[in-house]
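A single chain, nothing else alongside it, follows as structure tokens in the form predicted on its own.
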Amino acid sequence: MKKLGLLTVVVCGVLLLLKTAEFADWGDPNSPASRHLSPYFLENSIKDSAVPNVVTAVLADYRGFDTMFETTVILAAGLACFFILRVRKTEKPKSTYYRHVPTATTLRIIEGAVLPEQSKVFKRIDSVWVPFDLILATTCKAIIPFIQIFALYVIAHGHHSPGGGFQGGVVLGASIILMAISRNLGAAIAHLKEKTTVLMAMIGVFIYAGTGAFAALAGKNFLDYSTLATVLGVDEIMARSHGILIVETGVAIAVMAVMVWIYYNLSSAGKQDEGL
């Protein structure tokens, strides 16, 4: 079976390398894309989509189907990691680590001892990251809100400049992961539970696909954002701009949630009891 798989990979790789010779040279002004697609997008993107940034207009409007399925693939990646790694029933570790908050003293509680689960004075910590670093914890706590504000700016401003849902979603997800690394996995899960990440990932994809479905049900083409004009109370051109912002928001929610969801499972080998 391994030999068959290796043979398949080699054959597919050779075919791909042979076909690359037929591609146009990088930056070739006579390539089909340069002669037909690029001139149209540069000349008509603002008129068609009311978006001054051509890249955003291409990704979310002219190539809206592709971007929607890219978001779906991200959700599929999160589901794959969940089904492969997630362990539903886990054995409690033989020893558990807690930190005495007022003194920053680390305590190792062996199996059979009483655990201060509901205590506000003792906080459970990951055994892999036992030492308490005041500078690291304080710095990360201070910069995480600014990271999240910047992520929201990228999402909100993305439909008028380079950036948008994917970039903003990654930055927003990174802020949650930074919390898990600088403090512990439990702190991150307390702020954003696994069920919440799953729900948010599905909602993000639903926002994108739902916008297209609304246009189809209204009798227009799927993802024809001009359909939103009657709902938003604006003209059709501006409705396209607002529609791009809506789907970019859906993309950001899905990317952020899946990114955090995957980290939860990868960092804890699917147990979600202790992280990196």
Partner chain sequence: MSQHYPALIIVVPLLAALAAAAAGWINKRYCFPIAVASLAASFVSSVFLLGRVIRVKEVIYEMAGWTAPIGIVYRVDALNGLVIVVVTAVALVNLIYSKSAIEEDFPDKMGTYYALYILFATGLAGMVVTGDAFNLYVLMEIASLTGYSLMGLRRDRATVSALNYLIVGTIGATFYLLGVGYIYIATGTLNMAEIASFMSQMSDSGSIRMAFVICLAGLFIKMAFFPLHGWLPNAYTYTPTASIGLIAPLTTKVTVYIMIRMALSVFTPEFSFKTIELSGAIVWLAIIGIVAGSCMALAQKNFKKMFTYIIVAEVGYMVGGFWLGNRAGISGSVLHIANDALMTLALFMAAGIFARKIKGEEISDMQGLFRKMPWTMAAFVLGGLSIIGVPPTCGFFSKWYLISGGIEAGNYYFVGALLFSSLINAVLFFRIFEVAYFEPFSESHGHDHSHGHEAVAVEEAPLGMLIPFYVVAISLVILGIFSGDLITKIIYFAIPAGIV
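If you superpose the two forms and keep the largest set of C-alpha atoms that fall within 1.5 Å, you have the rigid core. Numbering follows the first chain given and starts at 1. What you see is a predicted model, and the numbers here were worked out from it, not measured in a lab.
What comes next is about the form predicted together with the partner chain, which does not appear here.
The stretch that touches the partner chain in the predicted complex, counting heavy atoms within 4.5 Å, is 194-202, out of 194-202, 134-142, 176-184, 148-156. For the chain shown alone, F122 is not a contact residue for the partner chain in the predicted complex, no non-hydrogen atom being within 4.5 angstroms.
Contact annotation for A33: at least one heavy atom lies within 4.5 Å of the partner chain in the predicted complex. Within 4.5 Å of some heavy atom of the partner chain in the predicted complex lies at least one heavy atom of T72. Interface membership of N221, defined by any non-hydrogen atom within 4.5 Å of the partner chain in the predicted complex, is confirmed. With the partner omitted here, the residue from A80, A190, L107, V101 that has a non-hydrogen atom within 4.5 angstroms of the partner chain in the predicted complex is A80. Residues D48, D61, Y62, R63, F65, D66 are the members of 44-66 with a non-hydrogen atom no more than 4.5 angstroms from the partner chain in the predicted complex. After superposition on the rigid core, the Cα atom of E43 is displaced by less than 2 Å between this form and the one not shown.
After superposing the rigid core, the C-alpha of C12 moves by 2 Å or more between this form and the one not shown.
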